[in-house]
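In the form predicted on its own, a lone chain appears below as structure tokens.
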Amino acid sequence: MPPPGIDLPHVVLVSVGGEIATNCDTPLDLADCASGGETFAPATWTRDLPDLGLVARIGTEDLRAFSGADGGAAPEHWQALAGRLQQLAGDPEVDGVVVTHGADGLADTAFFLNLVLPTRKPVVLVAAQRPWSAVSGDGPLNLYDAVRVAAHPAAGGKGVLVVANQEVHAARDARRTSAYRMDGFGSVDLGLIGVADPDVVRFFTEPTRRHTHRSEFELAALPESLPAVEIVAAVPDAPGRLIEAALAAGAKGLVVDGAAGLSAGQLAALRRAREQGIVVVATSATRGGRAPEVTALRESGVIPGDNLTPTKARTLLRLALAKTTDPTEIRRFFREY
């Protein structure tokens, strides 16, 4: 317990599952439990890591019901998860929130929350590359560091954060970079914004794009189901039929992954889509750097997706289409968020 008279921050641990909340039969189940494993309630963390009580007053909340097959928050539950996190962040007795999540979908969930949570309080997402029960598992230290970051006064106002491998990343830029290695998350273009070193949590930069308390996307104003947006990979010799099929299935928007490599058939299909009022956003296939606004795309009315990944561009486009179908306004969203 902390020394008497020290008023520690109140941090709530919220679990939606993932490797970080998984026990396997043997410590050498490093990537996947041979028996399927079992996920545990967040109270297990306070039992296994009693030293969390030296960093913060810990509360727990079990939201594994929102989990998808990969142990992360399923997109159909994002709004419900965000609603509960908004309630927690709005509690004057709560100073920060840590959300444990499956590694695969963490970056996309974090970005959605970054766009819709109207709070200045720290909201930190954390995952693990290995199960909690694994030998040399990264879960315990990642969780401990996430609580340290959520309890730190300097973490407020920076939007949703991702903590892994002693690094702090902004939700907009964080992405999973390895399926197995401990350095499984990174911000390819812009790098980390802070560190959770053993002796100190320290921030060096902060996000400049709009987020959380500066965002126009109000959670309460969102429709129950966001507009459908599909991702289409640019392939030099592909016909346009996948684009046409997406439109026939009801897509209101399209994200083109790797727009510089579009085939003539795909470009023609995209022009027809634009003529029907479908909003099209292009991202870069390099997974680093901005999507180039080349002449062919500009003439087709395609909006550059900046340096967002295809899945994050899809999330932003779905939220944008819930507000407007004006391409000029949507282009602004991609410049500002």
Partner chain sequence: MLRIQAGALAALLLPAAAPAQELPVVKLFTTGGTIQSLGKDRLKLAEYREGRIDGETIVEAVPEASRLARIEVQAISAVSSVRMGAEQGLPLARQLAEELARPEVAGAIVTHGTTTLEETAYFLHLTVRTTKPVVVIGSMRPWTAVSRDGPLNFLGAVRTVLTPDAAGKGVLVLLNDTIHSARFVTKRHTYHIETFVSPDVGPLGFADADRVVLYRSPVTRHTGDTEFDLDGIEELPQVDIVYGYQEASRAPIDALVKEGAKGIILADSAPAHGNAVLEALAAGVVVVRGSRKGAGRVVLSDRTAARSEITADNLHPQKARILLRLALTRTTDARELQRIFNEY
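Numbering follows the first chain given and starts at 1. Please read all numbers here as calculations on a predicted model, not as lab measurements.
The protein also exists as the form predicted together with the partner chain; that form is not presented, and the subsequent description refers to it.
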Margin query: Counting only non-hydrogen atoms and a 4.5 Å threshold, tell me whether 15, 126 and 142 all contact the partner chain in the predicted bound form.
Written below: no
Residue within 4.5 Å of the partner chain in the predicted bound form by heavy atom, from 216, 91, 230, 197, is 197
Contact with the partner chain in the predicted bound form, heavy atom within 4.5 Å, among 158, 176, 152, 130 goes to 158
In the predicted bound form, is there a heavy atom of the partner chain that lies within 4.5 Å of any heavy atom of residue 271, even though the partner is absent here?
no
Would residue 83 count as touching the partner chain in the predicted bound form under a 4.5 Å heavy atom rule?
no
Examine residue 208 and determine whether its closest non-hydrogen atom to the partner chain in the predicted bound form is within 4.5 angstroms.
yes
Notebook entry, point to check: So, in the predicted bound form, is residue 57 in contact with the partner chain at a 4.5 angstroms heavy atom limit?
Noted result: no
Answer among 133 to 141, 238 to 246, 220 to 228, 164 to 172 for heavy atoms within 4.5 Å of the partner chain in the predicted bound form: the stretch 164 to 172
Within 270 to 291, the residues having any heavy atom within 4.5 Å of the partner chain in the predicted bound form are 290
